[in-house]
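Only one chain is included here, represented as structure tokens and corresponding to the form predicted alone.
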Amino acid sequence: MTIFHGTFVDVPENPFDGGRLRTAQALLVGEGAIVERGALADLRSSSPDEPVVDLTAGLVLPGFVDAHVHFPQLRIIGTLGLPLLDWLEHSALPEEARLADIDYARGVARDFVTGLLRAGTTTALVFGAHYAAAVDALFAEAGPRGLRITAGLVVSDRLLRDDLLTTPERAYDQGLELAQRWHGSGRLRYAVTPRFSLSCSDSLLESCAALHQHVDGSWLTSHLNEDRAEVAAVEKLFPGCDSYLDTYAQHQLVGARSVFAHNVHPRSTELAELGRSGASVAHCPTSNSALGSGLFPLREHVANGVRVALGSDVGGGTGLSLLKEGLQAYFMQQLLGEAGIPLTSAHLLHLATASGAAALGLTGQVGEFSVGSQFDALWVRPVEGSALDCGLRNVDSAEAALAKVFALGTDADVAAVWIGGQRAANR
């Protein structure tokens, strides 16, 4: 076993329901899990022969949980000036088509997994590729490096470029083959992934539902209400549905193991159904801003009991860092004025950790520093002389220190990452 000594900060209980930030001075870790937490003197007294790892410079946070991130889009981050549908046509989809080249896909997978670790992300719900071999490459890269990845084959059968389309039969067969190979292998799981109902016929969504039911413990992820033009196009394609969410619900794709990205423009009926069903929403604030999609109605989600977690989105956003996403989420709520929720640093950390864990069915396992939880962690140790370094040397509380981390922190400040008690190579 090992004693880790530092300032450990987590928010396991939902701060929107009164949960608070908590701290610990030391953690005793054995076989990858937290065995005891408390004062350093107490842990050294009870375990005098165990080595001590000194992490006292900076803060130690639970490993981040990214609830929505597109693996194939890593190399196009920073394409600005386009709304969603134009951005897809001219930037995202041409790049995603390049992953038909398996060597290119393997290179992207290496960059992507390394990028997650550099950002302190240890768990992620990943939008895979439209090509089964590229999804294989993602799993093959993430597995040996220990990440907790839930991902799957992205499927569409209309409106996109021809080289990204499939059929309901092929989508089911390829998805099942991938799931049989990777689902439950180490820390990997499978996610059934219709791109969005705009690009999926009823027959394809029916195929996705069949696969989701067949693969026990699989997840379902897709997009929802991201952009007004997208919402209007979906309404025209599904005249018999009451809403965008209903296009999924009529195929039994809305439930406790469903995570929908964005939901910037929901109807009240959709929010109520999301709350009733236990489905989660991945809030991707930098993408919503960069693409001009809108300001996320967090207050309405919370009022309807909808679980919200953070996602980096990647191609439409500004990087893999959930520190950036948390800060942008804060900005959005400030801009909404009375319609927004004033967010504290505790809210931001919860959205980036425990809430994402809950969305992925991993509560108590990751996203917190509780006894019995896995020791997934990132050590924020700022670069000497940086603004964050100066800020952390001049705060008087953990709350204030955490606010500095979200306001000023970058990937360069993530000094080390652990997954299941093992230090990961994040550089």
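For clarity, every value in this text was computed on a predicted model and none was experimentally measured. One rule holds for the numbers: they count along the sequence shown, beginning at 1.
Just so it is clear, the following notes concern the form predicted in complex with a small molecule, a form of the same protein that is not shown.
Although the partner is absent here, residue 172 is not a contact residue: none of its heavy atoms lies within 4.5 angstroms of the small molecule in the predicted bound form.
The closest non-hydrogen atom of residue 301 lies beyond 4.5 Å of the small molecule in the predicted bound form. Using a 4.5 angstroms threshold between heavy atoms, residue 223 counts as touching the small molecule in the predicted bound form. The small molecule is not shown here, but in the predicted bound form it comes within 4.5 Å of a heavy atom of residue 262. Just one of 251, 118, 307, 195 comes within 4.5 Å of the small molecule in the predicted bound form, counting any heavy atom, and that one is 195. Only one of 139, 238, 87, 219 lies close to the small molecule in the predicted bound form, with a heavy atom inside 4.5 Å, and it is 87. The stretch that touches the small molecule in the predicted bound form, counting heavy atoms within 4.5 Å, is 87-95, out of 87-95, 205-213, 325-333, 173-181.
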